[in-house]
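For reference, the chain that follows is the form predicted alone, supplied as structure tokens.
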């Protein structure tokens, strides 16, 4: 695959990777943009000007800020009917995770297809076309600016992501798997489920028979006239998509024993203070991440920097829980067997507890650790939050049947 332009220095990130920064951003949005969110959320007025969207996704994706906190905060301020759309959008991320959790073969198929596409990208004519798109040199109004914004900030407005994916696949004729990979490498809020399934939706695989086509008038309307791209595709072939594989129940989790344990955090869940650990005697905490494995090509420096600093913030917060987490928190050099085993030996434990990692690179890495750890006498347990456990079994069909259950889910989580 051709070399890609380097993103700007991670020091220029617009998103400070701390829980405190996420909460401050939420407070700012809740007081200024929450009431108008339903009517204005699709408008992308440009970087630095977005007051009607929260831009909280980098924090929620890593659970620096929890979904339940946002929903509770919204409902504390306004009646459900006034913030229903915001609550639904918070649950969209949960729904996508649950949908993929019930159909893990979709992730495996995507990764296999991506490997084949990356091989194709080494050869012409795809190599040059791909390089032009990834460098923002297509000449398409809007698209090239979105490339530059993504590389510089690690973020795009959700509507811009839809337009981008449509232009990438339907207008430029590039493989969707390479576009999804481009996003996952560069988005600091890149989530395997939301990203993969959203790209599948654009090309007509997620909802069989339905594709998403960006329209110039729609782009112009929702960007305040900033962009009016010409020459966009007006039709697209509907892929012969088979029905999604049958859904299965989320696998039950074994309960960790009442014994000293090491708590291992990944980038999937960085709020250790609220983990359901009452029955676990945690004697040490460490963090390791699989962000480098988001893509076979690795993640952008800005993504790695955000993930690293977010984990450091989570570990710093465990310092306030000394009575609960006794040993000095640390960052493991890699999420590999030898560093994890060395840490366990130092602590004198044979149990590792990990916040549940949904389908994606972190899950793949955690599962790869399990057999060699077991061979060394160390058992690995995952713990699942109530938020996920209550919602994921209902992600069997489309979002709207799922959304009908949101009031009941809120009650199950003490929010209704």
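Please read all numbers here as calculations on a predicted model, not as lab measurements. Numbering follows the first chain given and starts at 1.
If you look for the form predicted together with a small molecule, you will not find it shown, but the lines that follow are about it.
Handout entry: One residue of 99, 306, 183, 168 in contact with the small molecule, assessed in the predicted complex (non-hydrogen atom, 4.5 angstroms)
Key = Only one option qualifies, and that one is 183.
Practice task
Answer with one of 207, 274, 218, 158: the residue that has a non-hydrogen atom within 4.5 Å of the small molecule in the predicted complex.
Solution key: None of the other options qualify; the answer is 158.
Handout entry: Contact test in the predicted complex: residue 72 vs the small molecule, heavy atoms, 4.5 Å
Key = It does not: once the small molecule is placed as it appears in the predicted complex, residue 72 has no heavy atom within 4.5 Å of it.
Exercise for the section: Determine whether any heavy atom of residue 57 comes within 4.5 Å of a heavy atom of the small molecule in the predicted complex, and answer yes or no. Expected result: Yes, residue 57 sits close enough to the small molecule in the predicted complex that at least one of its heavy atoms falls within 4.5 Å.
Practice task
Give a yes/no on whether residue 194 approaches the small molecule to within 4.5 Å in the predicted complex, heavy atoms considered.
Solution key: Close contact exists here: in the predicted complex, residue 194 approaches the small molecule to within 4.5 Å, heavy atoms only.
Exercise for the section: Decide whether residue 143 counts as a contact residue for the small molecule in the predicted complex under a heavy atom distance cut-off of 4.5 Å. Expected result: Output for residue 143 is no: heavy atoms all beyond 4.5 Å of the small molecule.
Exercise for the section: May I ask whether 37, 162 and 190 all come within 4.5 angstroms of the small molecule in the predicted complex, judged by heavy atoms? Expected result: Yes.
Problem - Which of 218-226, 331-339, 198-206, 128-136 sits within 4.5 Å of the small molecule in the predicted complex, heavy atom basis - result: Going through the listed ranges, the match is 198-206.
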